[in-house]
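Listed next as structure tokens is one chain, alone, in the form predicted on its own.
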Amino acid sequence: MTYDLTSKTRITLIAGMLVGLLCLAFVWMGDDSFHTRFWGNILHNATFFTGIGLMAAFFMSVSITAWAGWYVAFKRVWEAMSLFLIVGCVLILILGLATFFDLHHLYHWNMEGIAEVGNPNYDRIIAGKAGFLNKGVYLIGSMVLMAIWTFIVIRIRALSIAEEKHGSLNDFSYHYSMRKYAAAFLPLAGFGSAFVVWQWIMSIDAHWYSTMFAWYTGASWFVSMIALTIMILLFLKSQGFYQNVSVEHFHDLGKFLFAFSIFWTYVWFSQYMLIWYANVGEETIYFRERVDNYPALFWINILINFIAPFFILMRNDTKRKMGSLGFVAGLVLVGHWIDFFLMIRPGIRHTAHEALGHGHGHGDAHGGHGHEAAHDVAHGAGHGAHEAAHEVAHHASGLPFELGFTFPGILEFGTFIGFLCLFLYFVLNRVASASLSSDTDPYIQESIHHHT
């Protein structure tokens, strides 16, 4: 059985993409001279949805390597989601080229002369990281990894289609081939995802670092991927497709949504509370900025992404109620998009203000880049450095309220809708290009009769 992407669905998704384009156009026209809000919206949504595609490929590879069978009835959805890495390559290439040619000021490490001794912009801390934080590594490293990931998911998809056409229930040869690619993908995605997370997102706050940040971002991507999987399957079932995908499959997806929401919270707690408790100036400054200047979003983040799914999905039967499960999936998807907003916007806001000359020079505690000032204080003051760093953070937080930087505005949500519709349009097109499930997959019967 194949899925037919109807003209009504196409028009709806295209309309959503046009909304996103219009929002980006309005942001561009009303933006500062460096179009920081525009490029911030691109970075925010490109990394968010590319990461969802990466997590779909990762979990599919885990399942193939582990000889799992429960997911086979809807594996075409994960195959299609993983192929979004093709679009992700284009999006990241645009960001990489814009960074290379200085078309934006999203990254403080990319400022002119930042690593040159004697230059007014010189920063010894960022200069020490220049071997990793530079235009070449950002562009070439990202594209090489993305190209490798994309090649592997295309090969897995091709083998899956070949198995459907030429395989049989007792023929494991195609599965053996897929397993080789899947096993190779796991370390490449596991270690490579840390590289791109550090480059794309953590380096926005170039003086700050966390050994848990890649885990934190990966968990956010993974939960968002499970949420979107649930929503896509619910949509397809409402259209009369995927009748073999039963409440048992949704129950398992609900358990993953529940479990990894808790895991995300564990990493959130580990970063926030343990770093805060240690009172390390160059690390706590990251959270001080967000607690002081983004208090609503900071606590809404934990409310939406932990408290709501925890209490709603705690009951076993809730994971079997399509309405409740779909509601939580949609809520969590938006919640983790807000989570990415909090990761990205505070840092680029400070960098933009410094680039526009709103500060009083590098390291000025009262107007420049508060993160850098706090870092210098924490490293150079000796006794009481941590308290001094906190005082610097307090004085450096006086930037004005700015829609799109301090809080997502209508144009940010409109851009999110556009990227979401682009993702769904691509995925549903890929789903429609092959049968919804392979009758020759050796594990199809196990999946159809899956019971928890």
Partner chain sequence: MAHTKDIVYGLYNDEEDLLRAVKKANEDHLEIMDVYTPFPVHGLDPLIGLSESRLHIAGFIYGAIGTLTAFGGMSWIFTRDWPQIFGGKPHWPVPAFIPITFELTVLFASIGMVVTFYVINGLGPGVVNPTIDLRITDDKFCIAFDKSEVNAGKAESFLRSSGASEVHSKTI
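If you're wondering where the values come from, they're calculated on a predicted model, not measured in any experiment. Positions refer to the first chain, counted from 1.
One more form of this protein exists, namely the form predicted together with its partner chain; it is left out here, but the text below deals with it.
Student: Quick one: does N316 come within 4.5 Å of its partner chain in the predicted bound form, counting heavy atoms only?
Tutor: Answer yes; at least one heavy atom of N316 falls within 4.5 Å of its partner chain in the predicted bound form.
Student: Indicate whether its partner chain has at least one heavy atom within 4.5 Å of a heavy atom of Y209 in the predicted bound form.
Tutor: Result no; Y209 lies far from its partner chain in the predicted bound form.
Student: Given that the partner is absent here, does T452 sit within 4.5 Å of its partner chain in the predicted bound form, heavy atoms only?
Tutor: Heavy-atom contact with its partner chain at 4.5 Å: present for T452.
Student: Evaluate F235 for contact with its partner chain in the predicted bound form, applying a 4.5 angstroms cut-off between non-hydrogen atoms, and reply yes or no.
Tutor: Close contact is absent here: in the predicted bound form, F235 is far from its partner chain, nothing within 4.5 Å, heavy atoms only.
Student: Could you check which residue among F269, F151, F263, F172 gets a heavy atom within 4.5 Å of its partner chain in the predicted bound form?
Tutor: Contact check passes for F269.
Student: Sort through F327, F298, W276, F195 and report the residue having a heavy atom within 4.5 Å of its partner chain in the predicted bound form.
Tutor: Looking at F327, F298, W276, F195 one by one, just W276 meets the 4.5 Å heavy-atom criterion.
Student: Look at the stretches 185-193, 125-133, 103-111, 308-316 and give the one with heavy atoms within 4.5 Å of its partner chain in the predicted bound form.
Tutor: Looking at the other structure, the answer is 308-316.
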